[in-house]
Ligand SMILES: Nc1ncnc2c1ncn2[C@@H]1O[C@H](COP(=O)(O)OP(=O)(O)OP(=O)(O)O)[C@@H](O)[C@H]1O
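Have a look below at one chain only, the form predicted alone, in C-alpha cells format.
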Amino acid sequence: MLTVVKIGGAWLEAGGDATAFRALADLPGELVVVHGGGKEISRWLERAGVPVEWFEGLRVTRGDGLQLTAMVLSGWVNKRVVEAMDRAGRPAVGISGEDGRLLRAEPLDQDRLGEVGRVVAVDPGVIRALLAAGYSPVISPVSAGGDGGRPFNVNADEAAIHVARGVEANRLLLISDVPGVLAEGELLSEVDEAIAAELARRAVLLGGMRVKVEQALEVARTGVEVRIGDASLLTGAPGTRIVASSSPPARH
C-alpha cells in the first residue's frame, strides 16, 4: 500500500498537532506527504509589504512573492513537517518539486497569476529512492521551471495529484480543515463529475474547494482512491470520496 497525503496550510495550523502527526505517521505501508502553507506565506508576504492576491482560488505570485513563497514552503514549513514526522516515529526527508526535477512546471496564466505553474512532467526517481531507503518524502510543491530557470509556485493539491500518479499510488488523501465537500452544510459522501458540475453551477463549489475537486477528479480517473476531508481521514473517517464517472477499478 502506497499512500500520498496532502496536508494544507490551514490544517497545519488548525489540526496539525502531535496527535494528528502520530496518526499520519501510523498509516500502514509506504507514505509520501505533500504540504501547502498558504497562511504562513500570507503572513510573510504581509510582513514584507508584498500584496496578497488571489484569482479563482489560486494565489497570484509575482516578483519578490515567488522568492518568499519558495523560502517559506521549501524552507520553514517543509522542515517543520519533517521534524513533526520524525517525532511521531516516521523517518522523513524534506524535498521540493525542484529536487531531482521531481516536478516540472510551466506558466499557468502568467498575465493573471504571475509565476504560478501547472505541472507538465513528473520524475518520481527521488521519491522511489527515499522510499527504498526507508524514508517518507515530505514534498514542498515549489516546482522546477521547464527550462531550468526560475521555479514556479504550484498549487499543493495539484502537486499531490501528479505525485500520486507518478508513483502509482494506491490512494490519495487531500487533508484540509474541513470534513469534506459540503453542500448546504451537509457532508457529501461521494462526488463524481456530474455532481461536481452541478455544485459549481449552483455556486456551491467555489474557490479553493472547486480547484481541489476538479484536480482530484483527474487522478480518480486513473484508478487511485481519492478522499477529501480533515485529519479524521487519518483514523478512518470516510470524508468525501471523489469518483470519476468512468474511472477504472481502484488499485489494491
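Not measured: the values here are computed from a predicted model. One-based numbering along the sequence shown.
Keep in mind that the form predicted together with the ligand is missing from the display, and what follows is about it.
Undergrad: Is the gap between residue 194 and the ligand in the predicted complex 4.5 Å or less for some heavy atom pair?
TA: Flag for residue 194 set to no.
Undergrad: Would residue 208 show up as a contact with the ligand in the predicted complex if we use heavy atoms at 4.5 Å?
TA: Because a heavy atom of residue 208 falls inside 4.5 Å of the ligand in the predicted complex, the answer is yes.
Undergrad: Hey, in the predicted complex, is residue 182 touching the ligand, heavy atoms inside 4.5 Å?
TA: Flag for residue 182 set to yes.
Undergrad: State yes or no: in the predicted complex, is some non-hydrogen atom of residue 38 no more than 4.5 angstroms from a non-hydrogen atom of the ligand?
TA: Judged by the heavy-atom cut-off of 4.5 Å, residue 38 is in contact with the ligand in the predicted complex.
Undergrad: Which is the contacting stretch out of 219 to 227, 42 to 50, 64 to 72, 198 to 206, given heavy atoms within 4.5 Å of the ligand in the predicted complex?
TA: After filtering at 4.5 Å, what remains is 198 to 206.
Undergrad: Which residue, 138, 142, 161, 175, is the contact with the ligand in the predicted complex, using a 4.5 Å heavy atom cutoff?
TA: Of 138, 142, 161, 175, the residue with a heavy atom within 4.5 Å of the ligand in the predicted complex is 175.
Undergrad: Is the ligand close enough to 6, 9 and 156 in the predicted complex that each of the three has a heavy atom within 4.5 Å of it?
TA: Yes, because 6, 9 and 156 each have a heavy atom that approaches the ligand to within 4.5 Å in the predicted complex.
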